[in-house]
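To begin, one chain is listed below as structure tokens, in the form predicted alone.
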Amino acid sequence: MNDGEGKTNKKTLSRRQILQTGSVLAGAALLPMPAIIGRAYALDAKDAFKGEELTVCAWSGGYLDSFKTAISDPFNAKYGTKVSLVGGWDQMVAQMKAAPAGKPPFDITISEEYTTLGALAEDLYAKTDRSKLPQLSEVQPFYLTARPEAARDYGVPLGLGFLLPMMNTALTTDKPLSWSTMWDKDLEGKLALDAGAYWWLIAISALWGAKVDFNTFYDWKPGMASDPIFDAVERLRPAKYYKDGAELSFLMLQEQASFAEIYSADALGLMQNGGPTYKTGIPTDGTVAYGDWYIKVKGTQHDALADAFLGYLLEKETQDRFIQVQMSVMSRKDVKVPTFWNNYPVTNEDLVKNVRLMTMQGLERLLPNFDAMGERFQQAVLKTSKG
């Protein structure tokens, strides 16, 4: 993941910490329940938290701007609080671990499966009292069933982020919006691919013989006699491996690339800048997702306000606003889907069919070979970039 516009520069520190501390599924169950502070929630009593501060960590870049506009600013305006935002990617695990006891760097943090696995293994999260969140009944079952039982009491799902194919139809004519289009001979030298992402490798593994649960991806080992994932990567001939969302925007808008894989956090802005010929969305062959969970950090001095904010994230009005400015899939069943969303998974069945989530259990299987996979990926990048 990167530090700005796209999720690119994946760090290795936290996964090494995970390997040193052992399985989260065993350790997470031992985390203590935080004390329940006897105060009214902001959603029940408007002045209960007036003037109180809360720091929330969200994905950096355009996502952070969308979160401020659609979520934290309206919350502050309604309840008189002082919620402030900081941006981050997976360095938040190291930040929380390095902080003094009782003084976490933020009170609530966003977390997908990778960072959740690391943070739970380090005992950095506080449990969420789900009995105080009646809004969870409006969340699609997919979000909880895709999570290990030992992790379900930590935080709430705002939605999902995605890896999506994007194309400029003025240059690709009638090519389908599909991952398979990446291998179209007409697009050799016209692709833009993330130089440090593993998410699109999962999309490739799904196309090249993996099951929906990504066994081919999770079971990858260095030196395999048959390596269908990287064999497929090396058949690609991209124009450029981009480093971040800003570089990708330049490549697409300057027509140096006509087809790209893009993170949903960057997709809406690039579509709006590119105009009506730009097309993206979940393709018919499905796509890869990561969970956008917001979780209370252990040691917060704003426990009750943090719980109130988590509840606010699950409200229909909150999610209706956010989906208008960010190409996320929201966790609620009843959000108003904007017209720009192509093939939005409206039902739980749609999510099961079209969304492939890198699960926490799968990551545990993958982590012992993660660094070796990174080295193999770089070899493939060097080879294909010469084409």
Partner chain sequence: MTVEADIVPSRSKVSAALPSIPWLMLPTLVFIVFAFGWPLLYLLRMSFNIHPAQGIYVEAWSLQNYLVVMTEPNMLAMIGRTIYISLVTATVTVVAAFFFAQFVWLREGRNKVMLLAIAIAPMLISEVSVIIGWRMFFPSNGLLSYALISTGLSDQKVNLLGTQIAAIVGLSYISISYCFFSILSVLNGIDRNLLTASGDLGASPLRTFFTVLLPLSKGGIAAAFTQAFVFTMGIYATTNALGPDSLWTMPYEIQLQMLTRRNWPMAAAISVVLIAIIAATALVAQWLRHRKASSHA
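Given the structure is predicted, the values throughout are model-derived calculations rather than measurements. Positions refer to the first chain, counted from 1. Heads up, when I say rigid core I mean the largest set of C-alphas that superpose within 1.5 Å between the two forms.
There is another form of this protein, the form predicted in complex with its partner chain, and it is not shown here; the text below is about that form.
Asker: Looking at D285, D153, D303, D90, which has any heavy atom no more than 4.5 Å from its partner chain in the predicted bound form?
Answerer: Contact check passes for D90.
Asker: Using a 4.5 Å cut on heavy atoms, which of Y278, Y312, W200, Y241 is close to its partner chain in the predicted bound form?
Answerer: If I apply the 4.5 Å criterion carefully, the residue I get is Y241.
Asker: Quick check on G118: any heavy atom within 4.5 Å of its partner chain in the predicted bound form?
Answerer: Output for G118 is yes: heavy atoms within 4.5 Å of its partner chain.
Asker: Can you tell me whether G196 touches its partner chain? I mean in the predicted bound form, with a 4.5 angstroms heavy atom cut-off.
Answerer: Yes, contact at 4.5 Å.
Asker: Spell out, yes or no, whether the shortest heavy atom distance between A94 and its partner chain in the predicted bound form is within 4.5 Å.
Answerer: Because a heavy atom of A94 falls inside 4.5 Å of its partner chain in the predicted bound form, the answer is yes.
Asker: If you check in the predicted bound form, is Y79 within 4.5 Å of its partner chain, heavy atoms only?
Answerer: No.
Asker: Heavy atoms, 4.5 Å, its partner chain in the predicted bound form: which of 140-148, 312-320, 293-301, 233-241 makes the cut? Say which one.
Answerer: The contacting stretch is 233-241.
Asker: Using the arrangement in the predicted bound form, list in sequence order the residues of 347-381 with any heavy atom within 4.5 angstroms of its partner chain.
Answerer: Counting only heavy atoms within 4.5 Å of its partner chain in the predicted bound form, the contacting residues of 347-381 are E364, L367, P368, F370, D371, G374, E375, Q378, V381.
Asker: Against the rigid core, is the Cα displacement of L253 between this form and the one not shown at least 2 Å?
Answerer: Comparing forms between this form and the one not shown, the L253 CA shifts at least 2 Å.
Asker: Has the Cα of L171 moved 2 Å or more between this form and the one not shown, judged after a core fit?
Answerer: Moves: yes, 2 Å or greater.
Asker: So the C-alpha spacing of E364 and W200 changes by 3 Å or more in the predicted bound form; is that change toward closer or farther than shown?
Answerer: Closer, not farther.
Asker: Say whether the C-alpha atoms of T109 and W200 sit closer together or farther apart in the predicted bound form than in the form shown here, given that their separation changes by 3 Å or more.
Answerer: The answer is closer, because the C-alphas of T109 and W200 approach each other in the predicted bound form by 3 Å or more.
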